[in-house]
Structures are given as C-alpha cells and as structure tokens.
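The chain that follows stands alone, in the form predicted on its own, written as structure tokens.
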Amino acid sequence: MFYFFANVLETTLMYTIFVLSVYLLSGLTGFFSLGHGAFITIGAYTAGLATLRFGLPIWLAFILAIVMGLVGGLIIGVPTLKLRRDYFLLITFGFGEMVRALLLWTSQLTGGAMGMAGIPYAAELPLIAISVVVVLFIIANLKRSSFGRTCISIRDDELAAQAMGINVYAHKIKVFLLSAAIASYGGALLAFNMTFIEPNLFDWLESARLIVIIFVGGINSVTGALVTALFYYSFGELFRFANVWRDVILAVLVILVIIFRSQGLFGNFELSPKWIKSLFNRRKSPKRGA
C-alpha cells in the first residue's frame, strides 16, 4: 500500500512540474503553448539517450536535458514571440508535431515507435518533491519580483508596456526559455522515473490539458495552478477505475469557471506565510463585546 501511494505522489508531483512550467509562460506573458509537451519530450529523450546510448552519468544527463530545452526554446521562441498570441499557439502546435515526427524518423537512435526501455531508475520521490519545491520557489519569487511585475504588465497591455519603454520581446524570450528549461528538466525526471519513453508520451492533447488546468485554477494564481494540478492528477491516479471522469469533471469546471468565475477558482489569491500568519492572528483575536 505504501508503494502505491508513493507512486501516486511521484506521478502527481512530476505532472505538477509540467503545469508550473506552463503557468510560468501563461501567467507572466499571457501566451499559451500547445507544444510545451515537445520540451518535456526533448528532456526525456535527451536524458534517455545520454545514459543509454552514450553512458553519461545521470547528473550530466539532467544538465544536458535543460540545455536541449533551452536550445529548443531559442529555435521556436526567437522567430515567433513577436507574433500575435493566436499565431504563437498554432506554431507551437506544429513544433510539437515536428518533434514527434523527428523521433519517429530517427528510429535507429531513438527506437522510433517502439520507444526506449531500460532507462535507469534514478528519480525517486525525494528528488521529485525537492524539484517541485525549488520550481515553485523560483516561480513564486519571480512573479513577486520587479521583472515578474513587468511581465504581468506586458500580459495585461502589451502596447502600454511598449509605450513605457519596456523591451517586451526580451522579457518574453527570458520567460519562455525558463519555462522550456523547467519543462525539459521535468521530462528528464519523467524518463528516470518511468524508465520507458516513447514519442507519443506527451502529445498536444496533454499540452492542452496543462493549459486548461491553469485556466481553471486561475491565470493570476500560482497557488491555483498548484492546487488544481495536485487534485487533478492525484484523482486520476487514486481512482483509475474512474479515470475517464477526471476529464469530465475538468470539462464541467471549465464551463462553470467561464460562466461564474472568469478569473479562475483562485482568482488573484496566493497562499503565503503572511496570509497564514494573518489567519492565525484572526482566530486568536478576542471577539467584540467579550
């Protein structure tokens, strides 16, 4: 029973990293990517090839996965982030399909449709949990920083930000590269945890699901993205007999959010030590008239 819950927690936390990587792009710039799964796949295959084909140590495989994610981010981000958001969405979709086709085409190296098996099991629960905490710390602090506030102003009104002298393109590139690097690192974790990968591991539908989770939680809330991701993926793992209902529940939530709460379930709320402290102080304060 312990191993079952440990596996559930591992899977939930790994996919939470993917959600947070997409939130970084969408929450700070307002861009949505249907090809973010491509960066996850790039990280997974880089880690698998580095260890299986070239015999490199695992720590170096993680570094290479991040580097390849950055390279992929440059290739797709530099020419496209000047475009409108809807065009960017379509191009990232094409990028994801291109990566999948490339993996199938290079079957002698990647195994093609048969995938790659025998990857070392090196991503256990402690490493995954620490990774989530580090990624969450980076994103939360980045959002509160002057750079993050500038990015949010770009997301809300790009023309006004340009008029204020902000280098909009440079900010977008930096956020996109960091998002791609985190996704690729998560892909390496996935490879070292599952020990098997294949080209359809993370297609555009999975990328779309990450966007929907962020939308339901709230585009302005890291807490919303985190809590929604934890609930969604843990539900699917704990109740696999009703796994199909997970997407039904998510679809119903999307409809309800659009109708009744367009800012998402959590809106602008962020769970912070200051909020927790104020909550305890409120409980300890004496009632009026006592």
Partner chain sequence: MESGVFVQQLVNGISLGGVYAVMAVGFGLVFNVLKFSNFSHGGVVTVSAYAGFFISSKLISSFPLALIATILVGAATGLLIERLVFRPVRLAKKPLTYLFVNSITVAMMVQQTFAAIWGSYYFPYPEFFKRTAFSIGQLVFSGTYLLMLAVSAVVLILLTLFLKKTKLGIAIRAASSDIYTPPLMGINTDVITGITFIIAGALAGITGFFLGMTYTVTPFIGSSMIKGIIAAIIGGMGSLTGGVIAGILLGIVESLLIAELGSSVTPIIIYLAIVILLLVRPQGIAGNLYTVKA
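Residue numbers count along the first chain shown, from 1. If you're wondering where the values come from, they're calculated on a predicted model, not measured in any experiment.
In what follows, reference is made to the form predicted in complex with the partner chain, a form of this protein that is not presented.
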Quick one: from 109, 117, 159, 113, grab the residue that has a heavy atom within 4.5 Å of the partner chain in the predicted bound form. 159
Would residue 209 count as a contact of the partner chain in the predicted bound form, using a 4.5 angstroms cut-off between non-hydrogen atoms? yes
Does the 4.5 Å heavy atom contact test between residue 219 and the partner chain in the predicted bound form come out positive? yes
Using the partner position in the predicted bound form, report whether residue 79 sits within 4.5 Å of the partner chain, counting heavy atoms only. yes
Although the partner chain is absent from this view, report whether residue 89 comes within 4.5 Å of it in the predicted bound form, heavy atoms only. yes
Among 50-58, 221-229, 63-71, 28-36, the stretch whose residues bring a heavy atom within 4.5 Å of the partner chain in the predicted bound form is 28-36
Of the residues spanning 93-116, the ones with some heavy atom within 4.5 Å of the partner chain in the predicted bound form are 93, 94, 97, 98, 101, 102, 105
